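Following this are structure 1 and structure 2, which are two forms of one protein chain, each written alone as structure tokens.
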Structure 1
Amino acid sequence: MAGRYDPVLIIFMGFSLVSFWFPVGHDGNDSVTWWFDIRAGALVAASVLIAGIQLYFRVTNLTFALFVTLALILGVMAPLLAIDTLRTDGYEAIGLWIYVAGLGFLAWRAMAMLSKAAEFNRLISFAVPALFGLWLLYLWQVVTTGFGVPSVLLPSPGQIGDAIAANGETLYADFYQTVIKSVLSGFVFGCGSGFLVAILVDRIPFMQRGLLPLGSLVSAVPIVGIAPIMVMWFGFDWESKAAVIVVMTFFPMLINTLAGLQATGKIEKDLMRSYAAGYWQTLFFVRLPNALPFIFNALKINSTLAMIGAIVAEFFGTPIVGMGFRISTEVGRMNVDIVWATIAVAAVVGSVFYGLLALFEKRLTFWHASYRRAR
């Protein structure tokens, strides 16, 4: 139950009804309201009607959550129709923006009801963050097109989508060069070597005094300082970018793995010692499992560092392919939509990479206290 009167839906309905009294655009020199385009007016009326039905019954089960979500879907189409058929001219279409502000409250109520209904439904639990992301993209689209923001300053999501569709082959070649060649190889070498050296340092404690201060020093070195050096050492192709990523990911993995190995309690070590277990048996059966949350933390941090390192390193020299090369060259040509398309591809790839690591972490560390508390 959202509350006896549900002020969120009341605010949405109030904003929507007020928007009918103000212009939502211009047809020639005449200001027009929602009813100029009967389709847009009907969509606004349908969203208000559904919100009113929910306000009357005040039921918060999954069926009514989907019902309110339907009202949101119908409601968001009305401003898009108005912007497509009318001249909105920013604040002169004040009725349009009042309604969009009211839609924010309807989106709030729809996501709140879906979140509550998603407790035992995994599909709906994925729909809530997807709906939130789509809402942000919608606001981006409406604001940039409604206010006529120049695409050089900020292209709309629709223009970015068109750029992705028109340059799919080029974007795939950039993805292959940056992600498959540079990021994955640098990530594997950097994290793998950091993990192995952490085992060595744990076995030979005096190395901690020499390596850990060096790790702090290298972590403070800016990437723009080492990237040109790596290009001179390893050439313009993917090897120099992988080398930058190795430098960036090595010490986070080393330090986190060491912290994880040291997290094993004295009781567990004494228990293994009572079983006559050696160093390696204690390491594989007790200390490394205990260190897994720390190791996955380093992997997740390094997944984002690797993407950033590869793209920035490509600014300092690369073959005529790669995400960093594409961004630097297309900015100079004022093809900002292609720049944003490249950024969108990088963001999606980085999110998927991070999400896969988080999924593996959940599968392998289900026994950890943080996941037990979550259940």
Structure 2
Amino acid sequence: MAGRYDPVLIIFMGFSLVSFWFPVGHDGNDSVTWWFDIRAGALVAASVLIAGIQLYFRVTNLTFALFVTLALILGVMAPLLAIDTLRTDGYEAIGLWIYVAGLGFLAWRAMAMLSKAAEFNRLISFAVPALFGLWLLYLWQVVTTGFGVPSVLLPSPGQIGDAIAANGETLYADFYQTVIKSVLSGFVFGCGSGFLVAILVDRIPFMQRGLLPLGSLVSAVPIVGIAPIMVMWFGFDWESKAAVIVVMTFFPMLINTLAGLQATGKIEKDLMRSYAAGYWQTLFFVRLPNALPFIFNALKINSTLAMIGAIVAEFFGTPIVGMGFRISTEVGRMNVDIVWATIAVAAVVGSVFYGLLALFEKRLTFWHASYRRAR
């Protein structure tokens, strides 16, 4: 990269300098530019200055990646300051939006530089997606407050955060009902039974040939549709949701475990036979460890399916608690910020659930090809 001027940074600097000539909002009846507040103007100037220094030295190592990230962090604060203190009716604050568009380029450059540095530093490799996520949240915040989007349509992240803080108890009750009671029990029963049936079926090839074609048929069936039936059978409480999850997670687990059990090569099996190992010994010491990548694949798929199953089943009837219930009722009452708060909780829970599974997978299947150094 050294030796050539960085076009992305030039674009950013161009956008920012242009934005000084346009209004960024109203103070009373007058349109004002960045210098309405010395802090905002200084922040913009600082971000441009840092980009300029980077442009001049044309180095792209880690230090300069962090340097550009610093410029980005300073830069993003200026529009927030403007939106908080000025009346920005969105459409009239042209300078503000030009600058935000320019910041997009700066964010891109920061991510590109960090991702280059990430090849040598594992900590940094987490920073890149984090930066991307923060950037999206920031854009969401600036656009919703800047254009005055009514919170019935789309609340800003700030409002959602307030809703989370204000409704902690309700959210916890919903979390307990949906995740701890329905999702976990359904997930354990569904995956457990799928696993056990897979081992049973593996012993009886006749069953395997009978069940496998049906299993692949079932994958095309929208199983979520059984939710009303399960609600009729098992009542409104968590048992019906767990039942939906059991049915949804059973076949992915069955099919993946079977595929995993068949993944053991002939040579390994022959070796075990030459050791005079029985069926169960071969199963426990060779075939199940070999099947782990497949099993974890199913567990990860099922973690998502379980959350979806529980929430959708709650649309069909539930006691007055639970995430699906909260979402469907609060939408009706126009309390969209609470809906988004619930979605945020669901997102965090889903990601943590998935992350834990991925962590276990890494621990237990470190030998697998997908964890060796990628090319």
Partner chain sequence: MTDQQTGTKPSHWGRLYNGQILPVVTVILAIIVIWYAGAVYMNSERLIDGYERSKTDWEFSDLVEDSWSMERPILPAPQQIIEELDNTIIDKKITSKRSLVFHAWITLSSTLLGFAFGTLLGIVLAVGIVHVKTLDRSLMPWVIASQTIPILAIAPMIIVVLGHLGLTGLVPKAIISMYLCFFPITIGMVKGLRSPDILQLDLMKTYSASNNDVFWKLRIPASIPYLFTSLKVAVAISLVGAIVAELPTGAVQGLGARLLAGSYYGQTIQIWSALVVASVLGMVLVWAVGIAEKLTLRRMGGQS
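Please note that residue numbering is based on structure 1, beginning with 1 at the start of its sequence. Note that the structure is predicted; figures quoted are calculated from it, not measured. In this text, the rigid core denotes the largest set of C-alpha atoms whose superposition between the two forms falls within 1.5 Å.
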Study note, to complete from the structure: Which block is the form predicted on its own? Structure 1
Review point. Rigid core fitted, is the C-alpha displacement of F67 between structure 1 and structure 2 2 Å or more?
Key: yes
Review point. On a core-based superposition, does A259 travel 2 Å or more at its Cα between structure 1 and structure 2?
Key: no
Check your understanding: Cα of I199 displaced 2 Å or more between structure 1 and structure 2, core superposed?
Key -> no
Check your understanding: Following alignment on the rigid core, what Cα displacement (Å) is computed for L217 between structure 1 and structure 2?
Key -> 4.1
